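Okay, so here's just one chain, in structure tokens, the form predicted alone.
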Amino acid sequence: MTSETGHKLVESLDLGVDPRAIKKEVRRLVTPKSVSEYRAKISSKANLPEGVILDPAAGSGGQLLAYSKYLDRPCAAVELSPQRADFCAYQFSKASNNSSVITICGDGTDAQGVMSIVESKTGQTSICMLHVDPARPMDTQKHAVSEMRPSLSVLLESWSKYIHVGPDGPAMTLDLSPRLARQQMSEIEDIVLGVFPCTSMTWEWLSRGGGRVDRLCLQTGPLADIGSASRSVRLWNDGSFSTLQDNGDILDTPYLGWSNYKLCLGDLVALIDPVIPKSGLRGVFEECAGYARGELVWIGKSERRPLALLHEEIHSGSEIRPFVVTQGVVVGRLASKLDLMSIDSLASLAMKNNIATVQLRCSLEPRLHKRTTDRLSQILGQIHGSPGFLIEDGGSDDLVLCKELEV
């Protein structure tokens, strides 16, 4: 089926290529299944109106497949690339819950052309939720928001005629680069408000525990946490998750800096998931840990490994414990960079403090990481003791060895 504007309904019978031939190309577009299902579960709790869930730049189609699994709504995937559209249709045809998903090959910014097919296949005349994952250049901090494809402003303006707009605005998830600068985020907010004034918005930073921010998205309308501008999420392997969010008035300011505190023996430190400082929730974290605003010492030697100096352990029942990567007591220093020449010194320091394993939580050339960890494991293999971790000192070029607290 082809609309007057050239949009084509793609069905599994239209698959003209071996899906394995385009799997490599599509792989980089795939949202991890755990992330897709998390978003679908969260969206299923929102008060969405009747209508179709639309992804106007569907890529591999994995996110829309998750929406069709958890939300009782028809779904439509639009993909400009014929090969990717074929792959989407193939994916949907293999899923057990594919009956409510259609794939359209065409321009996702041409809302009228897309809706002519959507209405004929589903009977629906409106969009209840929009999921947008635009393509962007690899260097996301140096490109302009206007370089995203499809153009966000053009896309939202086109679909404004069809998406349901409630009292808090339309239900949208904008899946964006986690490396966006604050200025770029403000530009995106301005685009949304320019098309949909007075829309509620919540930024969400998501981590899967790998020492980085995995996803950043802007949730709007009924998908947003009303009164909350920022939310951090720690997603676990089993699909469960923990959240921390602001209450509307204690977000970090751009001027909140980092300490150059030099760690001392006996200091209690915690490595914090980077979603906390990235989301501006250091103040919320402090409050939940029982600190007065600005009292906690934050050491930002590495953006991926923010460090907090504590006066007491953060226990497992705490609201913020899911965002603590590890915590321990400083037991020694290594006054040199970590390389193959200094491994023996580190191993000796570990054995002196009855540490049997050492996690490297510091910067290290990727080519040296495996050789270093293998050598450490070989030396410490016969030691029966506690786990430890190695971090960078805040106030010097030294490395600091910590003995991990018992869980």
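In this text, residue numbers run from 1 along the sequence as written. No experiment lies behind these values; they were computed from the predicted model shown.
Omitted from view is the form predicted together with a small molecule, to which the following refers.
Worksheet item: Where does the small molecule sit in the model of the complex: which of 345-353, 372-380, 56-64, 358-366, heavy atoms within 4.5 Å?
Response: So the stretch in question is 56-64.
Worksheet entry | Proximity of A181 to the small molecule in the model of the complex, heavy atoms at 4.5 Å | Contact check for A181: no, nothing within 4.5 Å of the small molecule in the model of the complex.
Discussion item. Is it the case that V78, even though its partner is missing from this view, gets within 4.5 Å of the small molecule in the model of the complex, heavy atoms only?
Written reply: Answer yes; at least one heavy atom of V78 falls within 4.5 Å of the small molecule in the model of the complex.
Worksheet item: How about A135: is it within 4.5 Å of the small molecule in the model of the complex, going by heavy atoms?
Response: Contact check for A135: yes, within 4.5 Å of the small molecule in the model of the complex.
Practice prompt. Check whether V30 has any heavy atom within 4.5 Å of a heavy atom of the small molecule in the model of the complex, and answer yes or no.
Written response: Residue-level check for V30: yes, a contact with the small molecule.
Item to complete: Name the residue from G280, P322, G106, P74 that puts a heavy atom within 4.5 Å of the small molecule in the model of the complex.
Response: It is G106.
Worksheet item: Which of these residues, R333, R305, K121, R149, gets a heavy atom within 4.5 Å of the small molecule in the model of the complex?
Response: Of the candidates R333, R305, K121, R149, R149 is the one lying within 4.5 Å of the small molecule in the model of the complex.
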